[in-house]
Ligand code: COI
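Only one chain is given next, in structure tokens, and it is the form predicted on its own.
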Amino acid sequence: MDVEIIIRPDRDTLVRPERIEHVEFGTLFTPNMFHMKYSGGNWHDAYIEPVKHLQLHPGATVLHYAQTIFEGMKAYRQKSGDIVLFRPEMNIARMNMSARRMQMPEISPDFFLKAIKALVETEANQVPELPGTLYIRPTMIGTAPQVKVAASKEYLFYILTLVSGPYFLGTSGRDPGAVSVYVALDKSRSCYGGTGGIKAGANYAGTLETTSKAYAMKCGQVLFLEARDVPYRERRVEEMGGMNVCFIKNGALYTPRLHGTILPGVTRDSLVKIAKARGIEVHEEDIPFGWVEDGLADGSITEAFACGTAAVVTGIKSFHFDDGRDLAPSSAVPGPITQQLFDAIVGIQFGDAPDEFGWLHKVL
């Protein structure tokens, strides 16, 4: 893709706060954005400029048929002062996979990475230190006006960045922290043959009702099971509202295998590789919820944690049910393996540990 990026940014507005722990995740946008358009079979008009409102026809495909995909990644300010990205090639590949599934145009991986680096470099003074990060949100939407079920012929691709602290309120971001999780037995987030394995906007809209219910129960997240009409103990564990889930049983790490309804998380993949490198036994397999329920009841599941780009690694202190039951892992939260994996991945991202896997891409 031979598209020139024209840069005309607002370089004067500093939004980075002194206390990053007080920032509600996903709310503090930096002043500039990247965007480009697709029409006539080509990408064109690539700009970095001050954030502005979008102008869309009220019949735009994204508004009626949810033709939208996105990604989530971060830039980190290391102790050396370097600003780095963590495995951006995985996010880029996943967004192109999402584009194929949603009948949207792909973006050259080299140009995609170039655009991300250019925007992060523009916003370099906004990147906070540990435990803060610069959250990066690439997004693509169908913009052609048409009220019919068909792929758009015009698209807008844009990238926003946000100054971010810990994902879960009440956690510091300097350690895993812990949250309670509501187990959704009457709602599912995905089904076989659907879009659960990609980052389509509609996947998340469908979880909002259940997530609100979880918050009302003082739970920070939701655990979803597969969409199958069988007793809940036979239904497989899938993932949470916006992150993957892992369990520690008898010293081994268990996480649901990827089978099309679960998002292939970058953090999940990284933790699996880190765990194996440190001699922790890893099982990626189907996990019936009865296995979880029994392991929590008999104490063999000693730890559980959520993992994702936003949440990093966060311990799960209990699983809450509609009938009032609470089941908790048998060890203190966060447990020792949860802590070890958190320290390892954060150490790489912020430069406290060597990049043994070659995952970092330096921006500045």
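Position 1 is the first residue in the sequence shown; the rest follow in order. If you're wondering where the values come from, they're calculated on a predicted model, not measured in any experiment.
Below: the form predicted together with 2-OXO-4-methylpentanoic acid (COI), not depicted.
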Exactly one residue in F70, Y65, Y47, W43 has a non-hydrogen atom within 4.5 Å of 2-OXO-4-methylpentanoic acid (COI) in the model of the complex; which is it? F70
Interface check vs 2-OXO-4-methylpentanoic acid (COI) in the model of the complex: of R268, K199, R189, R77, the one with a heavy atom inside 4.5 Å is K199
Determine whether any heavy atom of P334 comes within 4.5 Å of a heavy atom of 2-OXO-4-methylpentanoic acid (COI) in the model of the complex, and answer yes or no. no
Hey, in the model of the complex, does G173 get a heavy atom within 4.5 angstroms of 2-OXO-4-methylpentanoic acid (COI)? no
How about A310: is it within 4.5 Å of 2-OXO-4-methylpentanoic acid (COI) in the model of the complex, going by heavy atoms? yes
Test of understanding: in the model of the complex, would Y167 fall inside 4.5 Å of 2-OXO-4-methylpentanoic acid (COI) by heavy atoms? yes
Counting only non-hydrogen atoms, which stretch in 135-143, 225-233, 274-282, 156-164 is within 4.5 Å of 2-OXO-4-methylpentanoic acid (COI) in the model of the complex? 135-143
Could you list the residues in 239-259 that come within 4.5 Å of 2-OXO-4-methylpentanoic acid (COI) in the model of the complex, counting only heavy atoms and keeping sequence order? G242
